[in-house]
Ligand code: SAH
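Read the single chain below, which is given as structure tokens and is the form predicted alone.
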Amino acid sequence: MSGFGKVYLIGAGPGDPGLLTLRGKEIIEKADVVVYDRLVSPAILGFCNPKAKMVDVGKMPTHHKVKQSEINKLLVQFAGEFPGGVIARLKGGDPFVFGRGGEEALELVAAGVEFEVVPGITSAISVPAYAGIPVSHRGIATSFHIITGHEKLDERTLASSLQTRDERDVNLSLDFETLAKCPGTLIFLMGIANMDFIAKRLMECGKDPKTPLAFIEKGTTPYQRTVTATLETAGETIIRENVTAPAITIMGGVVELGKSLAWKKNLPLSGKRLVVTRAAKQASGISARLTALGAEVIETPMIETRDVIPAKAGISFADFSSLANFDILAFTSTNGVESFFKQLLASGNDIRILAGKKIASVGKITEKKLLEYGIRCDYVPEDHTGEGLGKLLAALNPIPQSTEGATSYPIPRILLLQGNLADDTLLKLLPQATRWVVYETLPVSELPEWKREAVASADAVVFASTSAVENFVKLMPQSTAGATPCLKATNGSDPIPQTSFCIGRMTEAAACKHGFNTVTSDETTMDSLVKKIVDYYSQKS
């Protein structure tokens, strides 16, 4: 099988990114190509190798974006284009549970392409579990049966069928008589469009019309919804409650247990998709908290940071000895803290070189980051901005020093540790200060199409810096002018969320300038921002 890459048929699970297997995550993190379906969560796509070729072959219930036969050929094609590479075929649920993974595997075998199957958690079991419905339960159901609710007939059958065009897609090949007599739990996948017909056929074959039934939409995701009915009311319930795919249907006595066992409660941010624009290495903290509160988080970093080689900043590693010339070290961001200490340790020094120095932080987040390095702050302004820090340091009393028996009171010597995009606010307030640029902020140059689509359907975007706002707008500019512009993506059709949650007044001002409806945290902390987001949606519900 030399000359080909290896194809992995990976089950992405039912939707919750936490249900992706460790093996699946390991593979997509290094894959050269990812061929994915529409039911794969954007949060899972966020795990993929950022350099991977992303291929959307997603299929809608009534429209196949890419035919299955073409998908089969694509996998062979990519295996040939990436010899020795990793090709990930990412499918919702499990590849071999009505996922047509077997067809893809057979095509690979015929072409001589090596493959591996990575099982996924099937929605047939996990989605009812998230709704508090066990598929089997002692005394109620000792078996469960997974059935496809949608099965295309072959052309010969279609030609001879007397059914109308709308009826031709239903499961005419199912053994309804056997299913009607089955005492176990019946689980139908992909059957919402045909469920009225299926229910009628089951009743015609003798199944009790009062059989409990549940439709579970978008199971395991923040948008999960359970709608209950009985077999005889299935069709009217789907219409009345507007039940839509993706959804599964579960029938049987176990459905009644959902009334008592439903454990997945509606959290404060359930059903909300939020775009987090922080730099990748910083986003995980707030993302985890928002996810725990029920939100679907799309991490979409707008900036990247990298350490500045000291020589480029006008200093060299040997110049860390010049720290002796300063009384106060002022940090204005967590990135500055990380870059400074990384370079300090690389120079052969450690925190002992800071003995006797006073440490200043622009706010609580940066103060917390310094504490991770064993450094407690001496100065933190109540106003967590550059202006607040500058005013605080400018108002400090001179530091007494003894020299040959005499005491002098020189102005504190301040070193500002900042990024390349820092404005001159601090230098204007502290004209005697010295600035070291210890990291660079670089804008993200582009976004993959799948992420653009995810952003377009989001409820709001979270900004933690003015640079994130500016680059977000640059990548997705406004398409119309006016006092309250309609934000559009660069393709001119996908809308951008107009609600933004901001940390700090400067970030708020930048977002307002570009037409966002802003909600700003009371303090420049992640705790305050998360609370503000929860409060905002609580008031709107």
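Computed from a predicted model, the values in this text were never measured in an experiment. We number the residues from 1 along the sequence you see.
Keep in mind that the form predicted together with the ligand is missing from the display, and what follows is about it.
Shown without its partner, this chain lists V86, M190, V243, V117 as candidates; in the predicted complex, only M190 has a non-hydrogen atom within 4.5 angstroms of the ligand. Of the residues G390, G99, G363, G252, just one reaches the ligand in the predicted complex with a heavy atom at 4.5 Å or closer; this is G99. The candidate stretches are 331 to 339, 417 to 425, 300 to 308, 120 to 128, and the one lying within 4.5 Å of the ligand in the predicted complex by heavy atoms is 120 to 128.
A141 falls outside the set of residues with a heavy atom inside 4.5 Å of the ligand in the predicted complex.
Mapping the unseen interface onto this chain, G386 falls outside it, with no heavy atom inside 4.5 Å of the ligand in the predicted complex. For the chain shown alone, V462 is not a contact residue for the ligand in the predicted complex, no non-hydrogen atom being within 4.5 angstroms. Contact annotation: P222 falls outside 4.5 Å of the ligand in the predicted complex, judged by heavy atom distances. Contacts between 12 to 28 and the ligand, taken as any heavy atom within 4.5 Å in the predicted complex, involve only P14.
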